[in-house]
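One chain follows as structure tokens, the form predicted on its own.
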Amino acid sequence: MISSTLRQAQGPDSGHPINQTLSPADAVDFVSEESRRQGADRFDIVAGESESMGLELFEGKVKSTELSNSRGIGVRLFRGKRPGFAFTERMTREALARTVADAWSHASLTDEVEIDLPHPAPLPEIDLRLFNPDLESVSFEDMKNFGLKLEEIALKTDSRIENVPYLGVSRGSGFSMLRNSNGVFYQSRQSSVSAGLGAVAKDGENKKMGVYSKAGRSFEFDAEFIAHKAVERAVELLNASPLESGTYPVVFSNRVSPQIFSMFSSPFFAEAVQKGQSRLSGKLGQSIAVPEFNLVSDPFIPLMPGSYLFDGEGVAARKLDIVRDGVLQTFLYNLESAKKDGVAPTGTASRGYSGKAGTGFANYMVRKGNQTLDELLTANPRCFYVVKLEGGSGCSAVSGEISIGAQGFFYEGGKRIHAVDRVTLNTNFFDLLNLIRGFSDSYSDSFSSVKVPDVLVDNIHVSG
């Protein structure tokens, strides 16, 4: 027996079986129609589909393969001002009708919220080059051959390389679609490929692993470069020793500076400020960092993973100066947090089909400086150059506290003296912003939505 909800959804003469799997576009149409039938005066729908394939190798053999495909759809609808949310990964009329009914039922239980759904707006005419159809032809055999080449090069590059326990090559693609009751309808596609390895170097009883990976929108990778980088990072830290505990100038390599700064993204979210979880509350228009610190959320950089033309709630993207010359200019807003503060949303909402709306940077960009890395390393009689961080459980985005293990090199008189490990850095992020003494003129080459150059910071406590 078919429930009244399903009978209504199917229609008496529709001729469509309720268990037929719909395409994402047809599923969005169906959920839109069903939301209106339920009585929702406002709604937005996010549909997504992704697929990935990859493999891992060890000692010249394929260790494992992965082939996955997922799709789903989520709806947020309103009964008056009460939102209800539900999602499903089954694209049949039966499952979609149940999902809308669940969201409608959920809306009877939630508190009222003030949200103005966006209306259609022209998107920037920028080709972000996020999708490369050529990647669709990259096969398991292509990935296997490239991985075997990486392993072969790494093992013969340095006699101290004991093995390559981590070696993977993969590619993936995704599609997303967003519609709301005001007529917004946007869609986007993206694809990428990656290859990387972790090589273990041994010298006596001392072992270190060096990891390097390359990713992007094209499979035109240099196997020699990737393998040599991993080997270099393994052998350079052999025979490391701790530093004497004390306060040091620290240079964070552009390999690790994005990790440090991205751990403290949430204090810039209006949602965190409104919940009392940001130390930046009340700081708009005030200096929070040295004048050399400039932070931008830039969604318009071609090829980068954080680029987009519309955000997760259908608001047109825009470039934002978050901190300019050390002064906090704005917080990041989604629809709900913007309504609470009576401002326009910033086009930085994050939302997938299976989750509720949040907030996030597009491409998190700290502007480069005009000094070389060598100039930063020689700016003080001695310094600790950090190239690897270990864990982040001692870091808190709310308090700003940083307590994190680090590895790198001790420099004295502008010269590298010895490799360093088994030390912990202790500082506070909000203090660190005012202890910055310079930025380098280069970012790392990682395929990342967070770009921060090498950073020289004064007075970091290092415990050995």
Partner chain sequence: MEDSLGLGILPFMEQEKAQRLLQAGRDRGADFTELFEEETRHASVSYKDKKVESATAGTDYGIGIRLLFGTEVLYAHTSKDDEEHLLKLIDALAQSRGPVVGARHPSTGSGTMPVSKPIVGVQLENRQRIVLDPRTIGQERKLDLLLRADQAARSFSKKISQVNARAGDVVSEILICNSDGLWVTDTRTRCRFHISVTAEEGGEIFVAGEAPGVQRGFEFFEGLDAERYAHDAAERAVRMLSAGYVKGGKMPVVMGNGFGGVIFHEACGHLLETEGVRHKASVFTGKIGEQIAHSEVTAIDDGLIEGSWGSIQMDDEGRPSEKTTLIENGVLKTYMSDRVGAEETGVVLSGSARRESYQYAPVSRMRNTYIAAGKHTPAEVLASVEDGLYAKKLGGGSVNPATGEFNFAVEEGYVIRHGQIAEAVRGATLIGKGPEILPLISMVGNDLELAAGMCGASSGSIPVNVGQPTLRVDSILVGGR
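Positions refer to the first chain, counted from 1. Quick caveat: nothing in here was measured; it's all calculated off a predicted structure.
Form predicted in complex with its partner chain: not shown, discussed below.
Q: Would its partner chain be touched by all three of R76, S181 and N434 in the model of the complex, meaning a heavy atom each within 4.5 Å?
A: Looking in the model of the complex, the three residues R76, S181 and N434 all stay beyond 4.5 Å of its partner chain (heavy atoms).
Q: Can you say which of 205-213, 377-385, 182-190, 344-352 gets within 4.5 Å of its partner chain in the model of the complex, counting heavy atoms only?
A: It is the stretch 205-213.
Q: So which of R279, H228, R324, K339 reaches within 4.5 angstroms of its partner chain in the model of the complex, heavy atom to heavy atom?
A: The option sitting close enough to the partner is R279.
Q: With its partner chain left out of view, which of S176, T359, T88, S307 would have a heavy atom within 4.5 Å of it in the model of the complex?
A: None of the others qualify; the residue that does is T88.
Q: Should E136 be counted as a contact of its partner chain in the model of the complex, where contact means heavy atoms within 4.5 Å?
A: E136 lies outside the contact set for its partner chain.
Q: In the model of the complex, does G285 have a heavy atom within 4.5 Å of its partner chain?
A: G285: no contact with its partner chain in the model of the complex.
Q: Would E271 count as touching its partner chain in the model of the complex under a 4.5 Å heavy atom rule?
A: Answer yes; at least one heavy atom of E271 falls within 4.5 Å of its partner chain in the model of the complex.
Q: So, in the model of the complex, is Q38 in contact with its partner chain at a 4.5 angstroms heavy atom limit?
A: Result no; Q38 lies far from its partner chain in the model of the complex.
Q: Could you list the residues in 433-464 that come within 4.5 Å of its partner chain in the model of the complex, counting only heavy atoms and keeping sequence order?
A: The stretch touches the partner through H461, S463, G464.
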